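As a starting point, one isolated chain is supplied in structure tokens, in the form predicted on its own.
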């Protein structure tokens, strides 16, 4: 007899055997390129199968052409992407954003890898206040085609079309939702002092967490604005004249500052910051001389000062820090600007702190 192969009996499946269903995930690997003085964020996608949302330790290293990002010569162009953090990306089906460090093929950090220079300190906390302008056709949103809008005053935390417009509010709220969906510790948003200027705040425990999250939040904002035909201008002084510049104030603390502190330690810390003014300014973002003028809530770039609740000082000391004479809590360095690299900023702040002996 002849039997067609299609009618051949199949073996009975083992009812006790479980099959793990795999799903395809789109992983967007992000890294910082080698451009100076400000690195650009780059990204490319790969598709991998996982049984559930992948954990960081499951992610493979990947490579890219460093000759196209000013990180390698064409004759030896391979650079390595090492995943350091992963975030859900709800704009894609089974999407994930993977923040990476750039490594050399031998496993050592690439010279452009500022993240690798940050001291490991789980007791260090950072909160960054990222200011920026939303720009269309070369002008901040709300600026007329010719000339300027009404002077600063009603725009800060403003409400109403004449103060903030409509599309800007839509963008910043959508960005907030994307960050929250991604698990980014986004602590708030507000319209800022200049028209078309906004701010978001991100906090992270550990010496690198907040900086990772700032870069991912910047990426999400830039990508979101693509669909609206709008750009994000992070330059610290895009509008000359009597308009506020954009900062990225760095709120910082260590376990010792929070738990012990003390006036003597605080004064020694401020003295060390004063000694390192040039070193801090060098990594606090380009063109800061345009912003740190002593006006518009800034101290002059060549001076160092600190003061309680003083937004015109280099370091603002919160009332809570000096309450009851304890000198405990966090401090705010107001000098970093909106275009600064949070990895370099965190690295320099922690280096200066490390130079102060503990009592």
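Numbering follows the first chain given and starts at 1. Note that the structure is a prediction, hence the values are computed from the model and not measured.
One more form of this protein, predicted together with a small molecule, exists but is not displayed; see below.
Peer 1: Should residue 238 be counted as a contact of the small molecule in the predicted complex, where contact means heavy atoms within 4.5 Å?
Peer 2: Contact with the small molecule, no.
Peer 1: Verify the contact flag for residue 252: yes if a non-hydrogen atom of it lies within 4.5 Å of a non-hydrogen atom of the small molecule in the predicted complex, no if not.
Peer 2: Yes, contact at 4.5 Å.
Peer 1: Residue 127: heavy atom within 4.5 Å of the small molecule in the predicted complex?
Peer 2: So residue 127 counts as contacting the small molecule.
Peer 1: Is there any non-hydrogen atom of residue 203 lying within 4.5 Å of the small molecule in the predicted complex?
Peer 2: It does: once the small molecule is placed as it appears in the predicted complex, residue 203 has a heavy atom within 4.5 Å of it.
Peer 1: 44, 48, 311, 326: which sits within 4.5 Å of the small molecule in the predicted complex by any heavy atom?
Peer 2: Here the answer is residue option 311.
Peer 1: Of these, 174, 187, 181, 275, which has a heavy atom no more than 4.5 Å from the small molecule in the predicted complex?
Peer 2: Checking each option against the small molecule in the predicted complex, the one that comes within 4.5 Å is 187.
Peer 1: From the candidate stretches 143 to 151, 217 to 225, 195 to 203, 73 to 81, select the single one in contact with the small molecule in the predicted complex, where contact means a heavy atom within 4.5 Å.
Peer 2: Selected stretch: 195 to 203.
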